[in-house]
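Shown next as structure tokens: one chain only, the form predicted on its own.
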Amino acid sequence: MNDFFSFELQSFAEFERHGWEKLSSAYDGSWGHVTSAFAPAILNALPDLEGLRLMDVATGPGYAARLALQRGAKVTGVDFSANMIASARQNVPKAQFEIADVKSLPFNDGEFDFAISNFGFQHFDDPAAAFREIARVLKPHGMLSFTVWAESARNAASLILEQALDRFAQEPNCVPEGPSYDFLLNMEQLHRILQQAGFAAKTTKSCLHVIPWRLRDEDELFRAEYTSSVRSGARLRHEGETARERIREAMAKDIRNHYNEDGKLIIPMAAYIISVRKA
């Protein structure tokens, strides 16, 4: 077992932080072209950004921050991973970036007009606390716009991985206990959390957004999960070589059989774009 799995006694928050420090350099080449494709939809859910202050939470390599800057916003990005912040500073030198925990942001009350997060919330150990802290640093009636991956029935990459794991995984789930990955997909529950955090839950809007991932080959999804995913890829890295090879083969076969369009391998990636105003 490699040293990535020295996390057995870690909390979920420590697991996530350690994972993103470990895998940050591989993320851009594996997932960057997929997750960055959702950034326009996040920003399209907001009013005109020109001259206004925007915070990008869990900024990663700064994909959404860069686009917001291009649209005229004054951008500050935050991430708990020092390695991700280093990448963001290199990629988007005109924006400001800070290493920070979303539960304890280093900003004054009401400092920002807008906040965004591109696939950050499903990696937070306490989403409710994250919403409260984001609301604190937003101005009254400021807006938050964020993405969460859709249910596996809609999001092909997740379905392909889950089905292969269900059939061939030998080891128990090694991920420390944390919020369910689908925690924020229950709209009644989400509204309650947003209301308690200081948002006007009745202003919440949710829209399903789907983009095609045009794979280079049938193993690209497996490689991306194995080398560059913290939460969803952890189980692959925890498996023995034989089981992992069976999982890889099952994923490749599924892609060949169900996502082959005239020789082109295309899997739909689905996420919800959710926006809400602060009360």
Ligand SMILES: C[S@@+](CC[C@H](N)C(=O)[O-])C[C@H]1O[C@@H](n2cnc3c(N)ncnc32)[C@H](O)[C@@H]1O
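Please read all numbers here as calculations on a predicted model, not as lab measurements. If you superpose the two forms and keep the largest set of C-alpha atoms that fall within 1.5 Å, you have the rigid core. Start at 1 and count along the sequence shown; that's the residue number.
In what follows, reference is made to the form predicted together with this ligand, a form of this protein that is not presented.
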**One stretch from 193-201, 137-145, 77-85, 157-165 that, in the predicted complex, holds residues within 4.5 Å of this ligand by heavy atom** = 77-85
**Prompt:** Hey, in the predicted complex, is W20 touching this ligand, heavy atoms inside 4.5 Å?
**Reply:** yes
**Prompt:** Does E171 make contact with this ligand in the predicted complex, using a 4.5 Å heavy atom cut-off?
**Reply:** no
**Request:** Check whether E133 has any heavy atom within 4.5 Å of a heavy atom of this ligand in the predicted complex, and answer yes or no.
**Result:** no
**Asked** Does any heavy atom of V102 come within 4.5 Å of a heavy atom of this ligand in the predicted complex?
**Response** yes
**Asked** Using a 4.5 Å cut-off on heavy atoms, what residues in 29-47 are near this ligand in the predicted complex?
**Response** T35
**Request:** Could you tell me whether the Cα atom of Y181 shifts by at least 2 Å between this form and the one not shown after core superposition?
**Result:** yes
**Asked** Between A128 and Y181, do the C-alpha atoms lie closer or farther in the predicted complex than in the shown form, with a difference of 3 angstroms or more?
**Response** closer
**Asked** Relative to what is shown, are the Cα atoms of Y181 and F168 closer or farther apart in the predicted complex, where the gap shifts by 3 Å or more?
**Response** farther
